[in-house]
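So this first bit is one chain, no partners, the form predicted on its own, shown in structure tokens.
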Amino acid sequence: MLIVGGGLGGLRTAEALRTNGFIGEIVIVGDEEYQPYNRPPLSKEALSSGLSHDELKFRQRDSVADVTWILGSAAEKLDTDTREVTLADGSVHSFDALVIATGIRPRVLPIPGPTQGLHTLRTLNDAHSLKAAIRPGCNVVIIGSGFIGCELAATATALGAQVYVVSLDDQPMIMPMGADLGAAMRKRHEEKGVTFHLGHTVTRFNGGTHIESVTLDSGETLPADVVVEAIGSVPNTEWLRDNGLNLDNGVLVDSNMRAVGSDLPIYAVGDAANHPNRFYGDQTRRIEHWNMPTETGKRAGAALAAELVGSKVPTDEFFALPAFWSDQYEFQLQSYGLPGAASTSKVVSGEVDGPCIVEYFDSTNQICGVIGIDTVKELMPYRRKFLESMQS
């Protein structure tokens, strides 16, 4: 059994394999030198306080104590004919069954100019490098106004930096939150000192060997000691090409996380899996929420264990409730469902400038998501309601 990807999805799959009776060898390979750790704090506590891997790593169950970890080298090629995966260090690993858990990486723009001072944030090493670069009084330009960009803006501001956010979007976090709630969060950031340049992008990095400023498409120049690209992500699937898999948006899988297009026992989990879910209706989605690696890993482990031992694989439709949260300054944002799939929204409690709850509705006027700001306890009935509606 070979699991490619040393993050949470790979770990949860290994645990589920053991829970469901698989006793064979499990090998996990990963591109980072670290065993699985918690990533959401990277834009917050790890950046502000410099948390170590020991402080972020996940506790592992005794059942996976015998797993072999091969870390520090990324997968470069899959060959389904020989059932082998080749890593960047040249090593070749054979498999009887394969789990794809290679996740995502930050998307970057082809912007000309120097690159010293340019950062992305996905790994613990990224967070440590960025923490070393952000000093009180320095100018930080963040390209992108999604959750990572806004969390970074909040953390960098708290560290004493002057922060500029550049984004093509009309409002920060507009895709999942909508314009009204996005505008309300923009106001909160501006009150903390963040400057937004919305509807614009960066066309050039200026300086000698190190970035000193950035030029916008408007012609305006912003001072920049540190630049962070936070414009979304792409799935790490290039190593899977030419093997008959559907890679249009991650790895297309069925309800058991088994890869569509292969007769071999190949599964995909986590951020790389384009999976069905009863909550999505008749669509498949690749959802980068914190709970999805756990939920898809548990399902894949159960189905794969059953396939390997010749028992009955799950036949029910996969269901996991999408959920996310975001801490920005003292504000707590939490969501259930898919507000980003909504056609309309309505404030049902409070006001968007303070604690509030916003419901989101799809094209049939059915509630498809909810977001609350500083209303964590008040959101719990929505979670129960969504779970009950899918299980009835």
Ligand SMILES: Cc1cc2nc3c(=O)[nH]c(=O)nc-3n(C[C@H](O)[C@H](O)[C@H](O)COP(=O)(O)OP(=O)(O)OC[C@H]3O[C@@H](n4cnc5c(N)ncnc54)[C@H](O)[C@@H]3O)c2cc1C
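We number the residues from 1 along the sequence you see. Please read all numbers here as calculations on a predicted model, not as lab measurements.
FYI, the form predicted together with the ligand isn't displayed, but the following is about it.
Q: In the predicted bound form, which of the listed residues (Ser73, Gln171, Asn243, Asn139) lies with a heavy atom within 4.5 Å of the ligand?
A: Result of the distance check: Ser73.
Q: Given that the ligand is left out here, which of Ile26, Ala46, Ala342, Val29 has a heavy atom within 4.5 Å of it in the predicted bound form?
A: Only one listed residue qualifies here, and that residue is Val29.
Q: Classify Pro355 as contacting or not contacting the ligand in the predicted bound form by the rule of any non-hydrogen atom within 4.5 angstroms, answering yes or no.
A: Judged by the heavy-atom cut-off of 4.5 Å, Pro355 is well away from the ligand in the predicted bound form.
Q: Under a 4.5 Å heavy atom criterion, is Leu8 part of the interface with the ligand in the predicted bound form?
A: Yes, Leu8 lies within 4.5 Å of the ligand in the predicted bound form.
Q: Considering non-hydrogen atoms and a 4.5 Å limit, does the ligand approach Ala101 in the predicted bound form?
A: Yes - in the predicted bound form, heavy atoms of Ala101 and the ligand come within 4.5 Å of each other.
Q: Verify the contact flag for Thr157: yes if a non-hydrogen atom of it lies within 4.5 Å of a non-hydrogen atom of the ligand in the predicted bound form, no if not.
A: No, Thr157 is distant from the partner.
Q: Please name which of the stretches 48 to 56, 61 to 69, 358 to 366, 33 to 41 has residues with heavy atoms lying within 4.5 Å of the ligand in the predicted bound form.
A: Flagged stretch: 33 to 41.
Q: Give a yes or no on whether every one of Ala14, Leu252 and Glu295 sits within 4.5 angstroms of the ligand in the predicted bound form by heavy atom.
A: No: none of Ala14, Leu252 and Glu295 comes within 4.5 Å of the ligand in the predicted bound form.
Q: Note that the ligand is not shown here; using its position in the predicted bound form, name the residues of 294 to 324 with a heavy atom within 4.5 Å of it, in sequence order.
A: Going through 294 to 324 in order - heavy atoms within 4.5 Å of the ligand in the predicted bound form - the hits are Ala323, Phe324.
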